[in-house]
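First, one chain by itself in structure tokens, the form predicted alone.
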Amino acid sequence: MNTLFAILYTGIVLGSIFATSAVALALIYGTLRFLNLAHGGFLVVGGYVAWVAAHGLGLPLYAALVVAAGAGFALGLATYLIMLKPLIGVGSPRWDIATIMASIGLAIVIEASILLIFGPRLKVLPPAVDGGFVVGTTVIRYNALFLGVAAITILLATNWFLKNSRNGIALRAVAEDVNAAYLMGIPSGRIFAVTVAVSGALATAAGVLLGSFYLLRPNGGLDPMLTAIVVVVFGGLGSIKGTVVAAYIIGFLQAAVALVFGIKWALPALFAFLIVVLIFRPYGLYGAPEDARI
């Protein structure tokens, strides 16, 4: 019973954080058909910006989270203007190859810059809330509860943005059919920029949550990025609903494997699970063979 409770508690917290991270990937893929392999770098940037805000400016973690999200928005917008915008219009497969190579280069630049500025030593984010309580043999940290609530709040805000704001509705229209959206007067270029910027904000916010759950290191974005990619593929490429559902399933799976077999088996079990799922559902949980998935 105690093990089951620990799995449920850890799975909800991890699933919420994984969903925040993976939605950033799903948004940008669903709209631009761009798999951002610099996503891990965005996660790391979020964690380190929050560390500077917390230790250098003395801000509490929730304020540092807002600062990191703002930095991610700016970084995403710069990524679109400098890296992606010049490539728009080249057509597939040149778009796919060019954006993948460019994002790998961006990831290398981000990691090298973080290493140069902050050095290789691990960094620790201060908890938002100290203390905790015990349920059976499971220690419930108030900070972990804060991280889960913060992630769920971010997901709800993203859902509101997509369904109620003008840019969100336009984003969904562009993702559905960019040519039809253009004929209806929606400026696809502006929506592309908004999408990448919002994706950057979500990624850096997720980086703060992950950095508070684990430790910060310059190359610490690789494993979370692989997890986010698995979540997006499992949920159905570009499907926001599928991404969120898949994130919680994978959160529970990783929590169960880590508690029963050890943390080192969490990622291998994740990929094995994905292989089995894709044998029976090649397009993921909510995926479709059509281009439009949001």
Partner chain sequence: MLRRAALRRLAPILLVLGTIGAPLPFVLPEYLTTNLILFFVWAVVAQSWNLVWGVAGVWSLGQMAIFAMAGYCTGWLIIHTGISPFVAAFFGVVAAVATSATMALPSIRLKGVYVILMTISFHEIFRILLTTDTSGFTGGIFGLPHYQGFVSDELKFSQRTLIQYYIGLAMFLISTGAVWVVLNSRLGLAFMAIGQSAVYAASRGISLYRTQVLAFVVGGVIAGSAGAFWSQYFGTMQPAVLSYDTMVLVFAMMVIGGWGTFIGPILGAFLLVWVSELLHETQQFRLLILGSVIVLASVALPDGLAPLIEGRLRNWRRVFNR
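Positions refer to the first chain, counted from 1. Not measured: the values here are computed from a predicted model.
One more form of this protein, predicted together with its partner chain, exists but is not displayed; see below.
**Q** Give a yes or no for R94: in the predicted complex, does one of its heavy atoms lie within 4.5 Å of a heavy atom belonging to its partner chain?
**A** Contact check for R94: yes, within 4.5 Å of its partner chain in the predicted complex.
**Q** For S113, is any heavy atom within 4.5 Å of its partner chain in the predicted complex, or not?
**A** Heavy-atom contact with its partner chain at 4.5 Å: present for S113.
**Q** With the partner left out here, check for me: in the predicted complex, does some heavy atom of G132 sit within 4.5 Å of its partner chain?
**A** No, G132 is distant from the partner.
**Q** I'd like to know whether I191 contacts its partner chain in the predicted complex, with contact meaning heavy atoms within 4.5 angstroms.
**A** I191: no contact with its partner chain in the predicted complex.
**Q** Run the contact test on M101, I108 and F271 with a 4.5 Å heavy atom cut-off to its partner chain in the predicted complex and return yes or no.
**A** Yes: each residue has a heavy atom within 4.5 Å of the partner.
**Q** Within 4.5 Å of its partner chain in the predicted complex, counting heavy atoms only, one of 217-225, 137-145, 156-164, 68-76 shows up; tell me which.
**A** The contacting stretch here is 217-225.
**Q** Report the residue, out of A63, L259, L253, L267, that has at least one non-hydrogen atom within 4.5 angstroms of its partner chain in the predicted complex.
**A** That would be L267.
**Q** What residues in 138-157 sit within 4.5 Å of its partner chain in the predicted complex, counting heavy atoms only?
**A** None of them.
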